[in-house]
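Next up: a single chain in structure tokens, the form predicted alone.
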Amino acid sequence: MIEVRGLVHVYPDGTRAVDGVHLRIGDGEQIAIIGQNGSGKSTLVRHFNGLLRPTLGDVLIDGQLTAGLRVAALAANVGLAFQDPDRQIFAGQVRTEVAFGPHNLGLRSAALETAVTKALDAVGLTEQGERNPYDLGFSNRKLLALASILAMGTPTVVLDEPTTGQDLRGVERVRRIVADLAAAGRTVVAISHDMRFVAEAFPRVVVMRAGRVILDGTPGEVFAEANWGALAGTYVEPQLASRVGVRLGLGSTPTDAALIEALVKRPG
């Protein structure tokens, strides 16, 4: 679905934000990208829908070079929910905001209404459909931005820090949305600093530092004790469960039940 070949992106001020990245993301795969601020995560994913173009290298979507495609064409394949929803939201009504994307992709009448209603239901904003988006709190504006992408039905969904500003219920809602997208065979790419969310929701984790990929594997592999030094180099702290799990001999991605059982049985 997505192939990145030797991608380099240099901003006008000379910042080399992505520096020779090679990456393949399979059709229907769920992958989290982690790393410190400025490591190139957002710059990388903005190449997937054409918001940014390579300085060097290639990005292919379904075997087609993005360099030869307009953003409008790429939007039918890759939907991107921004880290800051206020850079994405523009309409004066919640339902209008969610309808904008699918309408541009050709949905009309009942099909459009169904897409909007399902997306709002998925993020828990069904009752807010007539409100102005800026009357919503930040966490709900994040969910609104996500709903506007879900309604488009794109084969690939990219989520930039989807759990920021969410309480436990909101994080669980986002986790459920990722699971539903996976069950529907859609590709999900998420940038996140929430290591628990990453470890529990994504079977593949990519770690970036200084514009390069330094680790790529399952959560168990990436958060293994042998990689703690590399993770520290990009200011990523493995979740507490990983550290405790390693100390108790349960591995780096233990379940809550396994942790509780081991702690109860632990002498002293």
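Note that residue numbering begins at 1 and tracks the sequence as displayed. None of these values were measured; they are calculated from a predicted model.
The following text describes the form predicted in complex with a small molecule, which does not appear among the structures shown.
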- Query: Candidate spot Q88, T96 and D121, all three in 4.5 Å heavy atom range of the small molecule in the model of the complex?
  - Reply: no
- Query: Which among 65-73, 38-46, 199-207, 24-32 is in contact with the small molecule in the model of the complex, heavy atoms within 4.5 angstroms?
  - Reply: 38-46
- Which pick from Q83, T117, S139, N132 sits with a heavy atom within 4.5 Å of the small molecule in the model of the complex? Q83
- Query: With a 4.5 Å heavy atom cut-off, would you call T255 a contact of the small molecule in the model of the complex?
  - Reply: no
- Query: At the 4.5 Å heavy atom threshold, is E161 in contact with the small molecule in the model of the complex?
  - Reply: yes
- Indicate whether the small molecule has at least one heavy atom within 4.5 Å of a heavy atom of R175 in the model of the complex. no
- Closest heavy atom of H103 to the small molecule in the model of the complex, within 4.5 Å or not? no
